[in-house]
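Below you'll find only one chain, the form predicted alone, shown as structure tokens.
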Amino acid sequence: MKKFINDVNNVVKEQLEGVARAHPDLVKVSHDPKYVYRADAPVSGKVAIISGGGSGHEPMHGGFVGKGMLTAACPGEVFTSPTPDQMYESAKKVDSGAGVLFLVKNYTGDVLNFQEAAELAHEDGIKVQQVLTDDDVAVKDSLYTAGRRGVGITVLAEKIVGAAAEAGYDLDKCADLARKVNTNGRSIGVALTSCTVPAHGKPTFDLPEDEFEFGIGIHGEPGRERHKMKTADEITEMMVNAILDDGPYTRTVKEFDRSSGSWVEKQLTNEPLKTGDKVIAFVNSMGGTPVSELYAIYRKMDQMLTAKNIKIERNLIGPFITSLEMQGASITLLKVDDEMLKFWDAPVHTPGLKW
């Protein structure tokens, strides 16, 4: 294992110290418990948007804390869920009285810990809502989840909902928008290599030089299928078709009811993409793939969508939700309307995303 680390036990701590030193105008860092928060938080009258998860996916989530995106982010150890006290303490720190929205990727540890934090925040009188992302079409269940995994759509939701909160949306409107983004988004990822978690010191899975994994997770989980290597166009065709062929997907989610202080079950349905839709297209590096290769993927994806009369209105290309140094890529397609486009275009200023 060759990595720029000093001690495997201090990896996240020292990286957070670096973030605090590099971006003091944008963020501050709490080390006990660990969370990153806007330097000007709490912002009067503004709903706080908080997300988090295991480290190793940078710049998500800590790199997206700032104006027009997240108010705080809770980093766990590498590929390990943050703890409820991180989420609870960050909520107390950044709540302005307008409430807190937890955006949670659908991984069992993240879900359970954010639920506990939501209950604690509610007991303290903080208005709180929680929305899950579960956009991965690769698998229904995995090593980490009950139901689909939350992956690339999380980045797009953080940007769009963060801008809505900046514009003055109240807590319920922010939560409704987050649900709309999630139910209109789909993702798929592939890996050409595994990755190495520092604490383990060896690759998460074995992958021969002439094979690739299709449908991988962001924690180094193997894919749903293994194939012999193909060309960039062939792999892109597999990814885009997996998204376009994905039919309606209905699932039951738990949402926090503030009036009763309890969790209620709701059914939500993702509708498939169809001819005439407009999308934001997100082509993401898993950490070790050069941006130049992402453009080769984008080229073929755009050709395929154009042939289906699906118009790319906006795009995002680069390493924004990674899996350490894994060579691989993911595609996320989000069907958009004018509301989502308006907040996508709104200014953002964070360490990892700015326009």
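Keep in mind it's a predicted model, so treat the numbers as computed, not measured. The numbering used is simple: start at 1 and walk along the sequence shown.
What follows is about the form predicted in complex with another copy of the chain, which we do not show.
Legend entry - Heavy atom contact within 4.5 Å of another copy of the chain in the model of the complex, the stretch among 270-278, 179-187, 201-209, 95-103: Of the options, only 201-209 has residues within 4.5 Å of the partner.
Legend entry - Residue contact check: Gly66 to another copy of the chain in the model of the complex, 4.5 Å heavy atom: Gly66: no contact with another copy of the chain in the model of the complex.
Legend entry - Lys311 within 4.5 Å of another copy of the chain in the model of the complex, heavy atoms: Answer no; every heavy atom of Lys311 is more than 4.5 Å from another copy of the chain in the model of the complex.
Legend entry - Residue contact check: Arg299 to another copy of the chain in the model of the complex, 4.5 Å heavy atom: It does: once another copy of the chain is placed as it appears in the model of the complex, Arg299 has a heavy atom within 4.5 Å of it.
Inset, instruction - Answer yes if any heavy atom of Gly18 is within 4.5 Å of a heavy atom of another copy of the chain in the model of the complex; otherwise answer no. - result: Gly18: yes, in contact with another copy of the chain in the model of the complex.
Inset, instruction - Name the residue from Asp246, Glu255, Asp170, Asp233 that puts a heavy atom within 4.5 Å of another copy of the chain in the model of the complex. - result: Spelling it out, the residue with a heavy atom inside the cut-off is Asp233.
Legend entry - Contact set, 1-35 vs another copy of the chain in the model of the complex - heavy atom within 4.5 angstroms: Residues within 4.5 Å: Met1, Lys2, Lys3, Phe4, Ile5, Asn6, Glu14, Gln15, Glu17, Gly18, Val19, Arg21, Ala22, His23.
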